[in-house]
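Presented below, as structure tokens, is a lone chain in the form predicted alone.
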Amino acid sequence: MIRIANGQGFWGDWLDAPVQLVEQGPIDYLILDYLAEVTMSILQKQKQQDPLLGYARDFPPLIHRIAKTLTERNIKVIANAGGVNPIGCAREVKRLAPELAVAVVLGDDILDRLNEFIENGHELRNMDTGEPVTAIRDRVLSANAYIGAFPLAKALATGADVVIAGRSTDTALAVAPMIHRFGWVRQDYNRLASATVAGHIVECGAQATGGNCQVDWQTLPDLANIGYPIVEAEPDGDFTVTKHHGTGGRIGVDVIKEQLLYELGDPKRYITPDCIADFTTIRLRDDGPARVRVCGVRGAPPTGTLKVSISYHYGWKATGTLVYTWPDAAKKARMADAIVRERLRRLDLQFEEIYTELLGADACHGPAAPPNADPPEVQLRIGVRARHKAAVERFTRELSPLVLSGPPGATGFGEGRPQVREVVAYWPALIPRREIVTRVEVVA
């Protein structure tokens, strides 16, 4: 049995969680999941501005902070913190923690190969719209293929203390240690599927231990010290989800079921680069305090393609807010919204969308919200999106005047004009897996 703990559900998660995991109890592997689709475009921009950047900058200082414990307890780290610059990330880790052996997995970043793929007849059609990638080729910001667990396991086989990847799947981080330690091969579909389920359960960190949980959330103990999830994995693929003793939160079948439904499409075909997992075969049972046993998972061979995550420049947006106070707060906010829209119309500005929310009235639940005829205050939130920046910039000058020229009781305008931000859009596509060749490098 090996213990695999996840201390990061996204870039920006609780900084102390990985430290807690390595210091408060036994684990063999610490996995850290940093990446989301839009994150790759952010990192690509950072790398364009500075070739030394392009990775999750929280990661090297974290490794420096826990390096001594990693060495003393023989804990290995697997992370996709490399973003679009795994080598740069690894070099910074080596600078801060030279005693650790570091390996990187490369090959997922295909931005420089897009023209090659197009010339070879790979249209990289949008999985939602069917359009070929040539429609947005001149606006592409990043392009990465999702790689699976076997390249990460190969990196572990070098003896690395820290393995750094770019755009691996979230589940691959947990699957790789099992492949490495148990000697699984690519045809072990049931075992790989079970490991994939384990990775899916823990990929969002404390969401598997009660965080963001709908079931009895008011009774969850000590969320300020919530424990992050640990998988106790066995060679046959079965596993137990648990957390360190004395930490907050809760692990139970109800909590695990919630996480299993996260980002789930066809439950019989959960597709990864390593296998297809059938979530309808999962069997759960409580196995003692803060322990859930998972078994029975069945799997099938992977598809012949890999998913590609492409981000591209779409346009510009801005969002501004004002707060209106009682009495008639909602009526005041709606009048202010109407004034802004009329002024924008008279300016003949072209927007793809103007979107308004009344926070405190019905922004979250719309018509399903319980009636509240006269709330004590309401936040008016107006956003616009356009292909051209000039229209969006003009919009940002239309909210502040309402303080004196609109309905009474306006406040919350102290931060000034809204900020114009770039809209980065997502383009999912597929590519034959034979086109993606990964490699492992040990960074000295």
Partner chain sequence: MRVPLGRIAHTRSGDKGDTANIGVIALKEWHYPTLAREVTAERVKAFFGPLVKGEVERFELPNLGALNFLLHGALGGGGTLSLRVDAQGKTLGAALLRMEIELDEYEFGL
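Everything numeric here is computed off the predicted structure, so don't read it as measured data. Residue numbers count along the first chain shown, from 1.
Another form exists, predicted in complex with the partner chain; not displayed. Remarks below refer to it.
Taken together, the three residues 14, 92 and 122 lack any non-hydrogen atom within 4.5 angstroms of the partner chain in the model of the complex. Only one segment in the set 254-262, 100-108, 135-143, 151-159 has any non-hydrogen atom within 4.5 angstroms of the partner chain in the model of the complex, and it is 254-262.
Residue contact check for residue 62: none of its heavy atoms lie within 4.5 Å of the partner chain in the model of the complex. For residue 207, a non-hydrogen atom is located within 4.5 Å of the partner chain in the model of the complex, even though that partner is not displayed. Contact check for residue 306: every heavy atom lies farther than 4.5 Å from the partner chain in the model of the complex.
Proximity of residue 74 to the partner chain in the model of the complex: non-hydrogen atoms within 4.5 Å are absent; the residue sits far from the partner.
A heavy atom within 4.5 Å of the partner chain in the model of the complex is found for one listed residue only; from 185, 347, 338, 369, this is 369. Contact with the partner chain in the model of the complex, judged by any heavy atom within 4.5 Å, is made by just one of 112, 374, 236, 266: 266.
Residues from 363-391 that approach the partner chain in the model of the complex with a non-hydrogen atom closer than or equal to 4.5 Å are 363, 364, 365, 366, 367, 368, 369, 370, 371, 381, 383, 384, 385, in the order they occur in the chain.
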